[in-house]
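Here you get one chain, nothing else, as structure tokens; it is the form predicted alone.
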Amino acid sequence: MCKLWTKLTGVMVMASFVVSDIALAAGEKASPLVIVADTRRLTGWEAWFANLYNESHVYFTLLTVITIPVVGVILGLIADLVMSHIGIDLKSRELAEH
């Protein structure tokens, strides 16, 4: 009997949440949201990148997806070069465990 009352109470609590959501969904429809980048103070490559974002999200996404790995490889190569100059050798590894 206790399980039945627990289930009924749970259903009533859930129904109260659903009823309030239905009441909120019945309101006026919101205007469509437009997301753009503010390019008024940008110059050079920043303005070009912001304009690309405003004009085509697909091209912006493709450029970003291509750019991120390329920049990661370049930064990794620079870090490897700097570490080899300061004496850290990561190319040959000797196991310290015996």
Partner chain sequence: MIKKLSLFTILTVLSSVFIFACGELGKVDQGRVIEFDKEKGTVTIVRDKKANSKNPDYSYLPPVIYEIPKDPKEMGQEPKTGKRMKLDTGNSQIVIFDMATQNFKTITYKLVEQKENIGKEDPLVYDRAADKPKNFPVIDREKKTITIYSKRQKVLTTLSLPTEYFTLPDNTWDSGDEVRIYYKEEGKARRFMNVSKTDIFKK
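Numbering follows the first chain given and starts at 1. Remember, it's a predicted structure, so these values are computed and weren't measured experimentally.
What comes next is about the form predicted in complex with the partner chain, which does not appear here.
Student: Give a yes or no for Leu63: in the model of the complex, does one of its heavy atoms lie within 4.5 Å of a heavy atom belonging to the partner chain?
Tutor: Leu63 belongs to the contact set for the partner chain.
Student: Although the partner isn't part of this model, could you tell me whether Val36 comes within 4.5 Å of the partner chain in the model of the complex, counting any heavy atom of the residue?
Tutor: Contact check for Val36: yes, within 4.5 Å of the partner chain in the model of the complex.
Student: Just to make sure I understand: among 52-77, which residues lie within 4.5 Å of the partner chain in the model of the complex, judging by heavy atoms?
Tutor: Sequence-ordered list: Leu52, Tyr53, Asn54, Glu55, Ser56, His57, Tyr59, Leu62, Leu63, Ile66.
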